[in-house]
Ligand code: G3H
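Read the single chain below, which is given as structure tokens and is the form predicted alone.
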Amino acid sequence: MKLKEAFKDSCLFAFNIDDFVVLKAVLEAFEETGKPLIVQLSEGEVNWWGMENFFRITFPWQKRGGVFLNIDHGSSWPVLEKAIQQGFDMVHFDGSDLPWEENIAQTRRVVEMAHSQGVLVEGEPQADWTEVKKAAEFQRKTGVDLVAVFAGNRHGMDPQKPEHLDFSQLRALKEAVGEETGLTLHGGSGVPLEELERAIKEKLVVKVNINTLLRITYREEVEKSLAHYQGLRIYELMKPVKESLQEKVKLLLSLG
């Protein structure tokens, strides 16, 4: 199954992968549920893993189908180019901090390079609140496959400041970009589960990014494990961490 086909069938959750424990949790959740998903690397995570290393480790799941690879918040041309040549399924070019016309021009350049290799592109017109007219113009001038939008969601997660989606805005954005272009939500960690489920059920979004939730869970579970486990076997120390992450991933996958 190609990623484009997977997006037509369902909304995919995209998980940033900080290390092998997170990857193991996500892939085992995939094995249990059979739900397609995306594993993705930010540029910092690319530097940590090594792009070729990550591609090789995940290749058996890629080959079987259902696990897709993405570069998240790519802004470096060499990183994006290498990912496309390596065989990633999609890349996200984030030019939202650039002047408007430059964002459009740079995104269009990435689209031309990626589409020549059959790779999908996600673009990001604005970083905080996405205006309907801006989203429509951005899609029309760049030809992106996916548009990252903000309608109450935001990057990261602050437990003291819950996020709430503006569904009328999401519907307007979806209409503006057209049926062939998917909307994506960044900052999915901070959106209430029932709102994510509603956005998915109403077919307003095709991709939801999850990162901060995994990082918070990881740190909390490591601290608990260190407090109770006095041995030296790392796999025993990290087992409850992996299991907790896996349950969080399975819960999210159940929403789709």
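In this text, residue numbers run from 1 along the sequence as written. Not measured: the values here are computed from a predicted model.
Missing here is the form predicted in complex with the ligand; even so, the following discussion is about that form.
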Sort through K82, R140, H164, R154 and report the residue having a heavy atom within 4.5 Å of the ligand in the predicted bound form. R154
With a cut-off of 4.5 Å between heavy atoms, is G187 one of the residues that contacts the ligand in the predicted bound form? yes
Though only this chain appears here, would S244 touch the ligand in the predicted bound form if you measure heavy atom gaps against 4.5 Å? no
Could you tell me if D145 has a non-hydrogen atom within 4.5 Å of the ligand in the predicted bound form? no
With heavy atoms only and a cut-off of 4.5 Å, decide whether H73 touches the ligand in the predicted bound form. yes
Quick check for you: of 22-30, 65-73, 217-225, 194-202, which stretch puts a non-hydrogen atom within 4.5 Å of the ligand in the predicted bound form? 65-73
Hey, which residues along 198-213 are within 4.5 angstroms of the ligand in the predicted bound form, non-hydrogen atoms only? N209, I210, N211, T212
